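Below sits a lone chain in structure tokens, taken as the form predicted alone.
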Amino acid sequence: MIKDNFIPQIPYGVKDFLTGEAARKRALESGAAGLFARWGYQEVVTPTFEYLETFDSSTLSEQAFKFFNREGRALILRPDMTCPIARLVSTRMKDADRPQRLFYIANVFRYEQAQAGRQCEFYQAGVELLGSSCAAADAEIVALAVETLKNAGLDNFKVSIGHVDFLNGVVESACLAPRDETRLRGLLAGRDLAGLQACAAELAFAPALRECLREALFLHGGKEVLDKAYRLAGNQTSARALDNLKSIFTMLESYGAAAAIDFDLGLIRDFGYYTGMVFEGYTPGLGFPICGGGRYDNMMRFFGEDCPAIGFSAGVDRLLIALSRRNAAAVLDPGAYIAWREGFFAQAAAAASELRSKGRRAELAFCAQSADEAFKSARGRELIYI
């Protein structure tokens, strides 16, 4: 029995999608799935929750929702899709040919401070390419990310690419003690210029290294950024990272995607997780990335397989916000309302069936109506009166 003062609510950080929102969400997800399939990716579906140890290699496990089953085994609501797919490929698909091109449309869960574009439950459309370490694989993923944003309806966005080894090389060249190196990496990951300057002074960095650290956070722009980065870095690890970015960009030019690309050599995403090229996509008016990804060649080792991998995900919720703010949300077919006079139900049902067979949305009246009643019931939809 429900108490009189009971007000049903939903938990913090989740949301309902009403009829129009749900339809736009479904259209966006279906469009992404169709695009991924045309690029040769096959869909996989993994469980909403997994054993906690599946995510022991993930930096996201601390943000996850965790609970126990009846046997006392620790479980986790998936905080991302990369670990479940790595688990799937290394077990159920262990003997499958490589490379594997896989995609997913899924909800994921993380403890977040809820705000526009950031919920505790959110939705992603993404791909994982496992089994290739070539620059061409990196270029394919970035090009597909560009096409995903275009396919969603965005026409004003940039995808910024960087490489974790550019700053790895800079840090290694400092020859620091482990504790100081960890501190420096944290400052770089947080783009803390004041902290970097204080750290450089405290640890007495050479002038060339100070300049490189100061400039690295602001190496953002077109191809000319790479030339400046070569002059600053002065170590082989950073130089190889820049060579890799040049190769990727040349291939992106062949894809016709170069106009949407710029470089951000201060972009890291995560030192421990990513091992090569990384990227994020942005659109004006939104203070957070709408997509992101990169190379993570060490992930599969946690599952007992040495397999290079790269992937990306686009935030479905964030794309919907971006489209609505730019008045670019998909225009949905309002459909048709088929009304009928007494004795004409069979003809009306046939008309509805014909429209549905053509992919149209058709709603059939439940009872006979007058012309005036039918007009009022149509509520803006195409009226077919039989």
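The model shown is predicted, which means the values in this text are computed figures rather than measured ones. Residue numbers run from 1 along the displayed sequence. Basically, rigid core = biggest C-alpha set you can superpose within 1.5 Å across the two forms.
Quick note: we don't show the form predicted in complex with a further copy of the same chain, though the next part is all about it.
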| property | result |
| --- | --- |
| Any non-hydrogen atom of Leu129 within 4.5 angstroms of a further copy of the same chain in the predicted bound form | yes |
| Partner proximity in the predicted bound form: Leu88 to a further copy of the same chain, non-hydrogen atom cutoff 4.5 Å | yes |
| is_contact(Phe375, a further copy of the same chain) in the predicted bound form, heavy atom dist at most 4.5 Å | no |
| In the predicted bound form, Arg269 touching a further copy of the same chain (heavy atom, 4.5 Å) | no |
| Interface segment, criterion being heavy atoms within 4.5 Å of a further copy of the same chain in the predicted bound form, picked from 193-201, 206-214, 219-227, 250-258 | 250-258 |
| Those residues of 129-148 which, in the predicted bound form, come within 4.5 Å of a further copy of the same chain by heavy atom | Leu129, Ser132, Cys134, Ala136, Ala137, Glu140 |
| C-alpha of Leu18 off by 2 Å or more between the shown form and the other one on rigid core | no |
